[in-house]
Structure formats: structure tokens, C-alpha cells
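Only one chain is included here, represented as C-alpha cells and corresponding to the form predicted alone.
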Amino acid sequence: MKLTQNQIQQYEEEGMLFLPNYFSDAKVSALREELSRLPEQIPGRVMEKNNQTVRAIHGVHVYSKIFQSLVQHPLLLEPAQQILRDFVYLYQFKINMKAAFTGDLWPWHQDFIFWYEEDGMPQPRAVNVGIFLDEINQFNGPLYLISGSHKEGLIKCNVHKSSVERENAGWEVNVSTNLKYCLDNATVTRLVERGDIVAPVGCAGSVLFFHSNIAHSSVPNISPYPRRLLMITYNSIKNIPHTSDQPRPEFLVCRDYTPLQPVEDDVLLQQVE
């Protein structure tokens, strides 16, 4: 699937592109069924502060042919190649769970600062793709994004104090409610004065492409509606991170730099059969 020139211009101007009703109900059902079949104990699993609710799971594509195929699905891969103007590889695969009643917040942040500081990614030549596994509405913690904030580039911010104190906790400090690199209130206020806060909502199967430098966050989910958001990050093959002395786990940062090739459009349904 190819984006139109207008869609590409919208992405470049706003830092995001929302495509409602992008995947069929049948394909979404296949993804949800596959999620239910994943093993409970996964190395990339992160819990909420209550230690009872799953906050996110990372790297689950290695356990699933359906999720592996999703990464190469033309509805996702071809637009990512257009946006980045290059061949791409998989940088990260995760599912943010945002459970009903207990799913916690994600503070205001940019993604690229984590990849730059922790992984050595040279440039923000990566694109996030969020696939709605549930209907996302105004009540269940939709993603908030500040339109146009990606144009600010990498915004320097102070390291969260609690993250420094918990440095020995490892990679989890980068995916908790107390994110290591958060935008302060003054910065968020300044960004919002220049661009609106947008909260894309829609049915399951909708897809959101967004820039690695766009400021975004989400509030807790206190509704009875779950909000599962499957996230795939594609990176340009010319933007491979520098070698780190202490690399983060491969379930968090993929190190297979093979350029991805699109598969057939109906591959998700074929896998189910």
C-alpha cells in the first residue's frame, strides 16, 4: 500500500498520520487471537506499579509467525519505506497493554532520546507504527501527541531522579511510569502553544504512524475498556545504532539489520488457516 503525496506531506508537517479502519476485522481478530496464545512468562514483559497488571510486552514477534508477518505486511512496511525514503529493518516490536481500570500513564516524552542516549542511534530516521488492537476512545487512555513538535528536534531534558536512583534496575527504567527522559511542564506548555494536542481515536484496526521526535504521552485508563496498542518501529538501514558497551536486550532493540521485504496482503489470514 502506497501513501499519497498529500498523506506524506501531512506526516512531515504534523509528525503523524492517522489511518482509521486500516486493517479488516478479520485481520485484527487474528492478531488478538495470537496475542492470547503468547506464553505468560516472556523476558520482555513489564508490569505496572501494582506488580499485578501487565504494562507492556516486548519482542514477542520472535514467538509468533503472525507477528513476524505483520512486520512485513505491505500496509505497514511500504508506507514506512516511503516516509523514511529508504529500506528499513525492524528496530522494536512491543505491545502496550493499558489494561482496563489499572493501565497507568506514560509521561510526556520523545522516543528518539532513548534510542540516541541508550542505543546510539545516530539520527531520528525511524518511524513508529501503532496498530489499534481495541477500540481506542476518549476514556481508555488514548495516545496524546503534540502536532508539529517533531520539528523541535531532540529536546534536551533532565534525567528523572528516580531513574538514577534505580539505575541498577536495568532496562525497565526506560519503560516504566517514571521514564528516564521526560519533558518538563514548561517545555510541554511551550510546545502546545505552537501546536495542538491531538488524541487519535477510532475502532480496532486503525493505524497511527508517528515521528520518533514527536512529543507524546497518555493518561491512566480508569475505564472498563482495555486499550491494547501494538507498536512496530522501523529504522532506516542507513541509521544503524553505534555499538554499545552495554547494549539493551535484543527483545527491546533488534539487531538483525536485514532489509525487510513486503509479504502478501492476506498473509495474516493465511497464517490462521
Ligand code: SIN
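Numbers for residues come from their place in the sequence shown, where the first is 1. Here the structure is a predicted model, which is why all the values come from computation and not from measurement.
FYI, the form predicted in complex with ligand SIN isn't displayed, but the following is about it.
Although the partner is absent from this view, L183 stays clear of ligand SIN in the predicted complex, with no non-hydrogen atom inside 4.5 angstroms. When contacts are judged by a 4.5 Å heavy atom cut-off, K94 counts as touching ligand SIN in the predicted complex.
For K27, no non-hydrogen atom is located within 4.5 Å of ligand SIN in the predicted complex, even though that partner is not displayed.
Shown alone here, R125 lies farther than 4.5 Å from ligand SIN in the predicted complex, counting heavy atoms only.
Partner contacts here mean any heavy atom within 4.5 Å of ligand SIN in the predicted complex, and among 241-249, 41-49, 213-221, 60-68 they occur only in 213-221. The contact residue chosen from I237, L229, A204, L35 relative to ligand SIN in the predicted complex is L229, the criterion being a non-hydrogen atom within 4.5 angstroms.
A single residue from the set I146, L143, L133, V88 has any heavy atom within 4.5 angstroms of ligand SIN in the predicted complex; that residue is L143.
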